[in-house]
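Given as structure tokens, the chain that follows is alone and in the form predicted on its own.
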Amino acid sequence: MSDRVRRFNHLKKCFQGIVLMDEPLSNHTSFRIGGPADYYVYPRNLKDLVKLVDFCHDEQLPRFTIGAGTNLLVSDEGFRGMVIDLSRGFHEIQHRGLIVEAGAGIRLKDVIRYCTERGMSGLENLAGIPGRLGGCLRINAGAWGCEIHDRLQNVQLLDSTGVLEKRDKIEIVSGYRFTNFAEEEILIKAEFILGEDNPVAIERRKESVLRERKAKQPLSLPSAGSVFKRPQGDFAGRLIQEAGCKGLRIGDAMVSKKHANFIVNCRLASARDVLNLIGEVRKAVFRQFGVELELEIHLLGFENT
């Protein structure tokens, strides 16, 4: 019996959640791109999650935590390790006064809806960001002058050894699309402190943000959102457009004609198509403006190519 099958059988026997082997990651990313993960698991609860962390440590198995699979490009060869998907658990949400506690597996839009209905303001500018809470916290997602860490009070996480830890905002370093959470730390839940406002007023602001997003972004084709971070004092989309890259295409990967900082999957784009297109865009922008664009999307599995 191979090690892969032995591990799979052990997980099926000792783990309460769902365990899949050789699961295509294209089924789990907003890009609809990506080869298979050796193991793809849905933990049911915190106890399950601790077991998985211990298992990966004992087996020296690389692991990666996923939520909605946005902001992510997975290689065509996939990931040689375990992908832990929090999307079927960790959905709890509750509040006391203006403090909201939510699990990392809940969709950000559901957090915003919950807060809006109860007259709690501060997150509505993030409406339309497609990720789950854990991923949004990890990259400090933001839009329209608001970042998710602006309202953060604390997070609970599993550290690299599987120990549960509570970390206050003051202990977290964050900035534009950046936090200092370690790659192997798994975010479990977070608390936010919000303001009070009329639910109707909050809803109006939220709908205005959604209209802006729909008008400016290519939401009809698979993508991973903004590909590059905003350069100091400028916008990546403007630089890419001015460098003549709007509509540039390699295979089925194309720089969006609607928003130049999006690469869309026109039909059957490969990860290699996307990566090559990223390289061409970077070269064109650097040639014209001397600016080195920094990736906002996360790359997974490319060390195996």
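Here the structure is a predicted model, which is why all the values come from computation and not from measurement. Throughout, we count residues from 1 along the sequence that is shown.
Absent from the display: the form predicted in complex with a small molecule. The rest refers to it.
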Picking from C115, V74, A190, C136, the single residue whose non-hydrogen atoms come within 4.5 angstroms of the small molecule in the predicted bound form is C136
Checking M82, I202, A224, L123 against the small molecule in the predicted bound form, the residue with a non-hydrogen atom inside 4.5 angstroms turns out to be A224
The stretch from 93 to 101, 193 to 201, 215 to 223, 165 to 173 that lies within 4.5 Å of the small molecule in the predicted bound form, judged by heavy atoms, is 215 to 223
| message | Contact with the small molecule in the predicted bound form for I186, defined as at least one heavy atom pair within 4.5 Å: yes or no? | response | yes
Can you tell me if P130 lies within 4.5 angstroms of the small molecule in the predicted bound form, counting non-hydrogen atoms only? yes
* Would you please decide whether H298 lies within 4.5 angstroms of the small molecule in the predicted bound form, comparing each non-hydrogen atom pair? => yes
| Taking heavy atoms only, is P231 within 4.5 angstroms of the small molecule in the predicted bound form? | no
